[in-house]
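In structure tokens, one chain follows: the form predicted alone.
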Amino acid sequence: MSDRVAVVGAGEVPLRPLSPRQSYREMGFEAATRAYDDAGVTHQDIDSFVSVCEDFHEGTSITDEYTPDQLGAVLRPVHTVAGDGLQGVAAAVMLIRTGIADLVAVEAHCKTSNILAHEQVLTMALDPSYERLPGITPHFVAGMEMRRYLHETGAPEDAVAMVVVKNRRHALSNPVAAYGEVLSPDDVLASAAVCAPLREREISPPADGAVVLVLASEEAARRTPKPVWIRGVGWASDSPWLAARSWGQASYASLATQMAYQMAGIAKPDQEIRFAEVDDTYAYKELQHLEAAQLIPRADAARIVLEGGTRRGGRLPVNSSGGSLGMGYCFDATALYRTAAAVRQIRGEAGRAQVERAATTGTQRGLNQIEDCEL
């Protein structure tokens, strides 16, 4: 039995700052309908479902109880991942590779406009005695980490501002994105300081949305029109204690990408990978994550960004979707939106956001044969 897994369907609701005309259930139904249609399947064909959501974001306990109806998963196997959307993808890969399921639907949603106090909710992840009580917030932590990263690498603040400029401009070509606009670095640097040196425009703005991906075993994928193969997955966490974490570099991203590269058989990621979607929840994180993922040499990210190397037409297009800065930040669903964007790139369906030769070197020869495209 083959252990290959593919993404065979993707469906998204356009991200928006406000969505007063739809509940998150209605958004989930729309995303699922689009994903199943894209895969050429019905809800009855799905063997198992993964729901990625967080009780704190919904204001309701056991929120996965509110997702089966719109997915077509009533009285079917459903389990919840209270974390990142990519963890849901990893769970689906494991369900398929172990033979438990042939088709798995992964959904994530968040109606961020319903959350009145974003920072207070995020602060619940911090240690309640030593970190939360002094009034530390995630933006405060990000500001300290950004300062340390700039100090260690010598990167100028202009490079961080250029990440915002690039991603907001990229978002203008993405119909799913909510925050596309034309900015200059001066516009970014003139925005209000949140926790110096972190500025307001360097923080991804919130957005409402829902997204569904359908994953399939090789046998099931061959029966679908446009499979995109998943070559490698990896996940890792840094220390939950602020006092024990690595401040200047993204150690968790380095560990996770090493796992994924090993599984995919990628020895030289900076030479083999043609484009990237990386986390830019805070603008400086894009620089930090590019280095951690070995896509750009350590301390070179700032220079390459300033030279235009990560623009859509550059040598390594990064976040052609607009990233979280341009698309909007949808908490648990953010990573699935970015995965869907990568799938469309590899299929050649990204429209105005399309990157030339959007694949790794090993799959470049197969771009005209969808079944050979890989993620």
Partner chain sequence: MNLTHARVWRGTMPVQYLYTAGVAGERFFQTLRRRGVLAVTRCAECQVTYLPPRLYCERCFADLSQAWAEVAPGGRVHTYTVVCEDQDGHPLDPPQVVAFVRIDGTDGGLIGRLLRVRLQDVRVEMPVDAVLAPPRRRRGRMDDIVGFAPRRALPRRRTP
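As the structure is a prediction and not an experimental result, all values here were calculated from the model. Numbering follows the first chain given and starts at 1.
Although it is not shown, the form predicted together with its partner chain is what the next lines describe.
- H151 is the sole member of R298, H151, K268, R222 with a non-hydrogen atom lying within 4.5 angstroms of its partner chain in the predicted complex.
- Proximity to its partner chain in the predicted complex, defined as a heavy atom within 4.5 Å, holds among T98, S113, S184, Q262 only for S113.
- Residue contact check for W247: one or more of its heavy atoms lie within 4.5 Å of its partner chain in the predicted complex.
- Among residues of the shown chain, M94 is not one whose heavy atoms approach its partner chain to within 4.5 Å in the predicted complex.
- At the 4.5 Å threshold, heavy atoms of F140 reach its partner chain in the predicted complex.
- In the predicted complex, at least one heavy atom of L133 sits within 4.5 Å of its partner chain.
- In short, of 154 to 162, 99 to 107, 167 to 175, 234 to 242 it is 234 to 242 that has heavy atoms within 4.5 Å of its partner chain in the predicted complex.
- Scanning 29 to 60 for heavy atoms within 4.5 Å of its partner chain in the predicted complex gives F56, G59, T60 in sequence order.
- A shift of at least 3 angstroms pushes the Cα atoms of P138 and G234 further from each other in the predicted complex than in the displayed structure.
- Cα-Cα spacing of L133 to R148 is reduced in the predicted complex versus the present form (difference of at least 3 Å).
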